[in-house]
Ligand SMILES: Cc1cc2nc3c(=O)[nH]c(=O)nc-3n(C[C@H](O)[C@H](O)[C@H](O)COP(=O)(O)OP(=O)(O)OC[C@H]3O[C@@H](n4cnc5c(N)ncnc54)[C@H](O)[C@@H]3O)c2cc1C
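Given next, in structure tokens, is a single chain: the form predicted alone.
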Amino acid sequence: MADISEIQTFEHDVLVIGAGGAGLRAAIECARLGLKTGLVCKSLLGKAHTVMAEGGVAASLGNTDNRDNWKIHFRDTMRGGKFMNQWRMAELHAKLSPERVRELEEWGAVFDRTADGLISQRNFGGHRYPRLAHVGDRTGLEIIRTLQDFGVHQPIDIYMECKVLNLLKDGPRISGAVGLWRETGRFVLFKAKAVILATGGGGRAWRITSNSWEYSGDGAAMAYEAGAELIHMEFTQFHPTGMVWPPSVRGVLVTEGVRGEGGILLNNKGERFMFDYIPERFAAETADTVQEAARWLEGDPGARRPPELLTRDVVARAINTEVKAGRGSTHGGVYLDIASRRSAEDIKRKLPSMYHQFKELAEIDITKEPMEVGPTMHYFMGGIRVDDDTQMSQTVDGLFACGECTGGMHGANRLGGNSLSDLLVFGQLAGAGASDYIQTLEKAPEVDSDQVMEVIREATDVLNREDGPNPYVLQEKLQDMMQTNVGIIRTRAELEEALRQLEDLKREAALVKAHGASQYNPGWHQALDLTSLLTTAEAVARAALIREESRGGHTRDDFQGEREEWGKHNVIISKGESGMNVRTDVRPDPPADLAAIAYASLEELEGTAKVK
């Protein structure tokens, strides 16, 4: 047995990896239930993509339109996800979101208010009614602030700037994790009875992305290595509006709240082109879409939504089509105009972050001129396959997950605003699930010293080699390849080429060299992130190759349109003896009561099913 006695060691009942909204909410729940809780941050506490969810948190409070309720929220979520969502997860999300938002308010969140003093709610893509509770265009930041301020007063041990390298197991059960202090390069051992992953997505595998450096798919990759299954990895969301100019900020998010406040999309001919891309399904539900849009612009509360607020997959593909047809903006996007729709005072009051973002980064005054925007890799609908109620992996005992690193809740496409309510709802459920699991254990799992030393050996090999490929060059190759071959529109030939290049990149990555010492060494950290990025990228490419249809965030140019048979199957990724396994599982029939809600008319659901 290897000697691990000199490695810094911490023991907890539960270890939460990832300190965004999902991780913070999970840790708070664990502490509330009396568990000795550790929270690990790859960066600093509060440095998370939760802050990028600027437009609002989706919950059927019914404050702006009292016809709204959980059933209509559930219906919108299922339809937005092209009915690929896990039915029970979507039900829990819709039912529990109002409770979680009100809880945030009790903890100190300061939401914008209606004239009656209620939490204000705004329109957003795919939502039938104004449903997004908001704080200007800084809602995610307010949620992180609230959770952070509340969390630091709970009995939670917080470990910042620590990268978790891999999970440890005692037979079929999780027993802890091995990490690395980014500043000193020293290793750390965490012993735990349960682990909750809340590490976000893997958008850094693409060149144009709203994701920051932390988002390398660590959670999905570690879970995969530990034996967990991944689901819906082919469904990747390209947010329709990221900045396209200047190049230094290409991909930086432009909140959907701009369109929620009345912003319209224009091509270089000045045409409001989204009217040409209204899906038949939407047109069939709305008697006169042009009339509906006019009613919305006039402030008619009975209107549904304008075409700019169709689901993100529809808008992103429309923008992509306009650009390819030569009708794009000067720098390869389209124009997003709020200046002609709202007064300068309104824009600065309701969209302060966007006003300052464009002023400082692009020298554009959005109160006077339009923004240039285009699709940017933004969010993973796919991730770790978990039990709907407990959030525990279906194949690894003691491994839980919540937030963006899980799959199933959003189906083929996530509605804007559902990410914030998702992390609140399932963060709480993951914490409760971990508590219930730990109570079933007769004894704590044991840490295998050989596993610990193997993780450390693999990490230090990168430093100890005489020479090898540069990790930064490899990541650039990966990003260019994924942008070209696994982008917003895909084909069999492109996906097969992606997998061929991924095999070459994996061989190079196995020999990668980071120069310098172990103390704060960005090259070493980049090399370690490559493992997760490559696993995540391969999972997306393999799942995308096998799903021969176009649905939600997955568009195949060689298999256009949704195929009925594929609506009945989930694509599952798992680790095999000789590499990555891909299979399709038949989706179970939906519960009759939920199916009735999802397929019901609005008139049948309005004013019903208020959850107290």
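These figures come from a predicted structure and were not determined experimentally. Residue positions are given as counts along the sequence shown, with the first one as 1.
One more form of this protein, predicted together with this ligand, exists but is not displayed; see below.
Just one listed stretch, out of 209-217, 112-120, 496-504, 467-475, contacts this ligand in the model of the complex at the 4.5 Å heavy atom level, and that stretch is 209-217. Among the residues 198, 195, 386, 430, the one placing a heavy atom within 4.5 Å of this ligand in the model of the complex is 198. Of the residues 426, 379, 235, 524, just one reaches this ligand in the model of the complex with a heavy atom at 4.5 Å or closer; this is 379. Mapping the unseen interface onto this chain, residue 202 falls outside it, with no heavy atom inside 4.5 Å of this ligand in the model of the complex. At the 4.5 Å threshold, heavy atoms of residue 75 stay clear of this ligand in the model of the complex, well away from it. In the model of the complex, residue 27 stays away from this ligand, with no heavy atom inside 4.5 Å. Using a 4.5 angstroms threshold between heavy atoms, residue 14 stays clear of this ligand in the model of the complex. Not one of 333, 366 and 370 is positioned with any heavy atom within 4.5 Å of this ligand in the model of the complex. Looking at 145-174, the residues that come within 4.5 Å of this ligand in the model of the complex, counting any heavy atom, are 162, 163, 164.
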